[in-house]
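Quick heads-up: it's one chain on its own, the form predicted alone, in structure tokens.
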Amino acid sequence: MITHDLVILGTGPAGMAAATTALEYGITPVVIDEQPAAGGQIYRALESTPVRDRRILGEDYWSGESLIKGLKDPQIDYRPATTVWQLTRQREIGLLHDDKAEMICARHIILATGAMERPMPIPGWTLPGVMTAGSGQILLKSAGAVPQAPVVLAGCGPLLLLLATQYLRAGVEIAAILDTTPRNRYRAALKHTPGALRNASTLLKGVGLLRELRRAGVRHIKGVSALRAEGSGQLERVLWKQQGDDNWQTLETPTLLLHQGVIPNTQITRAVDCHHEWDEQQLSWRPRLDEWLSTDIPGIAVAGDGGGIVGAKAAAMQGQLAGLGAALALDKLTLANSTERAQPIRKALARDTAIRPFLDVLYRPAKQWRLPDDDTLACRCEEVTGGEIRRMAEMGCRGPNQTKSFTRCGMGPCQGRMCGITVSELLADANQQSVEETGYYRLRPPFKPITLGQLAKAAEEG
């Protein structure tokens, strides 16, 4: 088994910045990503997108060009279209590329696996024609494809407004934006305005998106408190209620895009049993990290949104810090030198992330969007409803691993990625205990599908 000094998993802004930073200090990194091209979600298909009008996707998207260019340095061992199916606490990594499995080892690992969309399990969310806003953006960036119009976007968070604006610029008819931000969130977020003003440019971008949508006459319905998708075999209509009004309103549409923010992708850190904490403000799990973004497992660090949602710009800064941390761990820098080089990065990072408390409070998803009702699917893979999870709690199940044994939720193709946080929150609510007490699925490799033949060959060659 070949041992490398540094292996980086993921090529979003954090992974790319970590690779170029490590290279500055004489480290030749191996960079692994399952996508065919670098960029992560934020800069997806940047070099190949058919959407060449820069105005449509916006300058924040195109700002990733410099990071992607840096990853092309010939000293960086970049391996696209490569799946990670295993990682051990001894830093042994199982890879799969072109039907060939192999094992490599690393002295230091930086996980830059990014974020994933929070599930929004409303009635009808499994109908054809209903998908996440992130999926819609992937189609736009990678293929220039837009959904069948008129489109309804529902939920809350910056991505929802950004995608609506991108669709508008691309000529897509938007029937409505159904904004689920509770009205009392605006007042609660006000106390965090001084911090948000430290990152005024981001704040102004959000205001600019709202202004552009308003000028175009896009219908923006606020205070949505209930939502359902209906149709016979596919989406035909969206129904909603607003706060203070018990009447259902209806809109005919073939496409509904849902979004309730993003959460850290912790599947790999969970599988290697890093210590995790429940972040009550962001309503998500995150690995516990030190000042160099290292986990409690020696030689494994996390940079970017996988360690807590910070945004693309801050993720790149964290990638730089993780790169410096790798140089320190591999004796390429002294602690004094690393600390000195990290100081301006930490200062810029603090300024950029000062807006997070404002955004976290404003767009904190309400309970009804996180906890599906009894008849709504919580686990799509195994078709387990919210009611079945609650019945498990009544039978004495205190955590998701017991519940998994009885219901198979979390045992489908996604291995709990889609339902994990929903099941934990459902059980916590039903048992009247904290999510931290409830816990999360116990995850094991393989993280992604691999055949017995591929596995056997990797064992032979390892």
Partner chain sequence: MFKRLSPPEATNEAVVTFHFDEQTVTARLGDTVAAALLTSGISICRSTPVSNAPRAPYCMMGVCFECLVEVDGNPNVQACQVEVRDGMHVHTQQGARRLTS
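Nothing here was measured: the structure is a model prediction, and the numbers come from that model. Positions refer to the first chain, counted from 1.
In what follows, reference is made to the form predicted together with its partner chain, a form of this protein that is not presented.
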Handout entry: its partner chain in the predicted bound form: contacting segment from 299-307, 381-389, 354-362, 223-231, heavy atom within 4.5 Å
Key = 381-389
Completion exercise
The one residue among V435, A430, M418, L46 placing a heavy atom within 4.5 Å of its partner chain in the predicted bound form is M418
Handout entry: Sole residue of L111, A322, A316, L258 within 4.5 Å of its partner chain in the predicted bound form, by heavy atom
Key = L258
Exercise for the section: May I ask you to state whether L140 is within 4.5 Å of its partner chain in the predicted bound form, using heavy atom distances? Expected result: yes
Exercise for the section: Classify A145 as contacting or not contacting its partner chain in the predicted bound form by the rule of any non-hydrogen atom within 4.5 angstroms, answering yes or no. Expected result: yes
Handout entry: Non-hydrogen atom contact Q281 with its partner chain in the predicted bound form at 4.5 angstroms
Key = no
Practice task
Would you check, heavy atoms only and a 4.5 Å threshold, whether V51 touches its partner chain in the predicted bound form?
Solution key: yes
Exercise for the section: Report whether all of E34, W125 and P128 sit within 4.5 Å of its partner chain in the predicted bound form, measuring from non-hydrogen atoms. Expected result: yes
Exercise for the section: Scan 157-186 and note down the residues that get a heavy atom within 4.5 Å of its partner chain in the predicted bound form; none is a fine answer too. Expected result: Y167, A170
